[in-house]
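Next comes just one chain, in structure tokens: the form predicted alone.
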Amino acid sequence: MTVLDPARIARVSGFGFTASADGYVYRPTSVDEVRRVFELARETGRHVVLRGAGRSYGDANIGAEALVLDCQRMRRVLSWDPASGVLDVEAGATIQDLWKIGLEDGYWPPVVSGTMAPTLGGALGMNIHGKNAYRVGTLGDQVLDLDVLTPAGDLLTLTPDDDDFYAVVSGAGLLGAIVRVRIKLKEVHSGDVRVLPVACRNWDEQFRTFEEYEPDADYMVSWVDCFGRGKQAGRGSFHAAWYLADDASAAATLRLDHQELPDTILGFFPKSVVWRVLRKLNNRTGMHFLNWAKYKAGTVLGDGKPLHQSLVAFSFLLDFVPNWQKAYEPYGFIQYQSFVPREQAPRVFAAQVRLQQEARLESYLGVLKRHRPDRFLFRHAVDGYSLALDFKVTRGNRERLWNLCHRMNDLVLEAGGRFYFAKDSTLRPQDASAFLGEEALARFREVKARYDPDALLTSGLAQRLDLV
């Protein structure tokens, strides 16, 4: 009888710290080692959870007493063609690895999340989007082909011409382990972008500004102050960005040292301790003040004044303050992101924020983005907008916060909206069934039966939502 090594037991947590579980952690370096973990699971009657860099906020990358496959060591570059921008790489490579490989040759990842930490395999499992989602779609839309190792032991190469490609990408790591990806990077002529900030006084101005810049902006995103009320409800700061054409200084901006984030604020205050300061302000009163101050600063200092930022500084705001998530300790936080068709988004998002204010559970950070639909099986995108909300979890508010999220879910579903498994902590099984639809769930079960007949792959999210 095969016995698992107890030395491999470790507590594994989602990025928001609200969900954790003990599992047997394995860190393979090859496809054969991944295959062996699947065999071990079968021999010992255990499940397997796929885990990239652990950046999913909730329970999508944890599983109680499961074998946890941490694939971060599988990050070798298999080939890089600076003439075409085509990169072939193992799926444990991170978004940071991608831009560092390509940038000095004039290439940038075509889709990036707000942090450069996720692995390529994990990012495709959740099919991440970026601030240019309305223009280029999701990360899966950029892939030329990939290799997936199924729990049944088959190593399959899939392309966008294969129907199964659209199930594996977005499949939340429940169908197989993506082990290799070939992707075409975006050609750029400068390591900087031109950024235009626009102060928005309310929801109407937010959506009107998105519509104004959508035809030509390469990126769009807006911060929303969820404490704003009345005529100032929805106030915030919109940012559009454009790639720069080649110029005399372009070569210098493409250097990696130009992209380094500063380690101090205002040139003297070390970022390494900022999270400790944020922790003291991380309460309803403190965050109300910080949101007000940010809005006022945007109206006075940043409204309509273009600036140049490095691609890293503009793209990876979540990496600007190291360990910022520790400010939410000891009980962590959840991020709630909903996607609503464009006609319904202004009404639904305004209603979500009103519900928060009535419950005195305002989101400390709101982020608005524009999207376009796609054909992936567990898709989150719609022809509309998303609103991402960060909520602090405390000992006393957890039940009220989950109830608030369920009420917000009802608003989204009524409007024909969708949700994003990488961010989810609070969906109910009926919510997942409603937005995915029976056709997609039947298709998922059909692929699952072929790829994973012993139902080895699971996760906390999959069990919570009755997906497996």
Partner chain sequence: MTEYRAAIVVGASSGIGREIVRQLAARGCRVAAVARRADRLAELAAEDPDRILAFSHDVTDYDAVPGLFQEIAHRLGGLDLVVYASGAMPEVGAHEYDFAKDRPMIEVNVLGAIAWLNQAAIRFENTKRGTIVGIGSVAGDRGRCGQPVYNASKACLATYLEALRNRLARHGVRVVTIKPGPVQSEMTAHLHLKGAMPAAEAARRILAKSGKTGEHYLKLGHRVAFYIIKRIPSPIFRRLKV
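Positions refer to the first chain, counted from 1. Model, not experiment: these values are computed from the prediction.
Just so you know, the form predicted together with its partner chain exists too; it's not on screen, but the next bit is about it.
Asker: Considering A64, L441, L40, L411, which brings a non-hydrogen atom within 4.5 Å of its partner chain in the predicted bound form?
Answerer: Partner contact (heavy atom, 4.5 Å) among the options: A64.
Asker: Just to be sure I understand the contacts: of R46, R35, R428, R27, which is the one whose heavy atoms reach within 4.5 angstroms of its partner chain in the predicted bound form?
Answerer: Exactly one listed residue reaches within 4.5 Å, namely R46.
Asker: Within 4.5 Å, heavy atoms only, one stretch in 417 to 425, 430 to 438, 27 to 35, 64 to 72 touches its partner chain in the predicted bound form. Which?
Answerer: Of the options, only 64 to 72 has residues within 4.5 Å of the partner.
Asker: Flag D22 as yes or no: does it have a non-hydrogen atom within 4.5 angstroms of any non-hydrogen atom of its partner chain in the predicted bound form?
Answerer: Yes - in the predicted bound form, heavy atoms of D22 and its partner chain come within 4.5 Å of each other.
Asker: R11: heavy atom within 4.5 Å of its partner chain in the predicted bound form?
Answerer: Because a heavy atom of R11 falls inside 4.5 Å of its partner chain in the predicted bound form, the answer is yes.
Asker: Is V468 near its partner chain? Define near as a heavy atom within 4.5 Å, in the predicted bound form.
Answerer: Heavy-atom contact with its partner chain at 4.5 Å: absent for V468.
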